[in-house]
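Only one chain is included here, represented as structure tokens and corresponding to the form predicted on its own.
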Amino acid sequence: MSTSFVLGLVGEGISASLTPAMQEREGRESGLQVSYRIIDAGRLGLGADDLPALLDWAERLGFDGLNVTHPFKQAVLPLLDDLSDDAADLGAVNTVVFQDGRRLGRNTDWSGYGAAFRAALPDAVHDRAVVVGAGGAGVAVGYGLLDQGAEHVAVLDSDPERAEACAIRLAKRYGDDRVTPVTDLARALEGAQGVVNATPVGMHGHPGSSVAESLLRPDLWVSDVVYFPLDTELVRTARARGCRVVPGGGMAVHQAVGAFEYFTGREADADRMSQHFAELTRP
């Protein structure tokens, strides 16, 4: 079994990603030699049309795998030889493993979100929830919530057609009675116990909150997928209103845990990676 791995992250605006540090540190702690590189398509002037050449290049240079993030999670699909069932259901891949001349597409976003949520709010896994944002993150969050037993997930997006497409994708696996596209956040929250921000709102460069403060009841749990910064406006406001909060760091850690295991074939220590993430993000 190999003990040396060359990995990379492909996406735009990823120069500040903590994934390289987490993967390389977990490699050292596991007795492996892991080298992890950033491939920032924005800085390199690369687009989706360059993906075929980029994957060829990575294989020729001996990469063992790539994490894939925005805006390439869907564009990479036709370039792969195999998709896991969850990646096919989601229509998105965030982990590509190069193995025996084949490209294997996997998705650890949904499982990472689910693991982070269960660790933070184990008593809320069966709750009714509203997911704000129906892009790749929204589909992954919905999948994670439904897979762990959420009674119902309502999906809202600034583009109603995208919300409907997301709901249809989730309903194919989990049933029409458990997923609904919605257009009125206030009304949807009236029948929910929790809300998730799965939009970029709250990230550095995308200030604001996707959920108005007036809608944040103290009995509502609030989750955010954004982790740059960890304390988004939504997270800060929700805490101040007395809501239970799940910041985005947990998803970031647990998707990396899953990717590490796909890449190396070794079990990662989730607690150790969580502690390292906390060190990296400490003010």
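Position 1 is the first residue in the sequence shown; the rest follow in order. A quick note: this is a predicted structure, and the numbers were derived from the prediction, not measured.
The form predicted together with ligand NAD exists for this protein as well; it is not shown, and the discussion that follows is about that form.
Student: Can you pick the stretch from 132 to 140, 117 to 125, 174 to 182, 85 to 93 whose heavy atoms fall within 4.5 Å of ligand NAD in the predicted bound form?
Tutor: Selected stretch: 132 to 140.
Student: Heavy atom within 4.5 Å of ligand NAD in the predicted bound form: which of L104, A165, L146, V201 fits that? Just give me the one.
Tutor: Checking each option against ligand NAD in the predicted bound form, the one that comes within 4.5 Å is V201.
Student: Is there a heavy atom of V195 no more than 4.5 Å from a heavy atom of ligand NAD in the predicted bound form?
Tutor: V195: no, not in contact with ligand NAD in the predicted bound form.
Student: Q255 versus ligand NAD, in the predicted bound form: is there a non-hydrogen atom within 4.5 Å?
Tutor: Q255: contacts ligand NAD in the predicted bound form.
Student: Using a 4.5 Å heavy atom cut-off, state whether S158 contacts ligand NAD in the predicted bound form.
Tutor: It does: once ligand NAD is placed as it appears in the predicted bound form, S158 has a heavy atom within 4.5 Å of it.
Student: Going by a heavy atom distance of 4.5 Å, is G248 a contact of ligand NAD in the predicted bound form?
Tutor: It does: once ligand NAD is placed as it appears in the predicted bound form, G248 has a heavy atom within 4.5 Å of it.
Student: Pull the contact list for 17 to 31: residues with a heavy atom within 4.5 Å of ligand NAD in the predicted bound form, in sequence order.
Tutor: Residues within 4.5 Å: none in this stretch.
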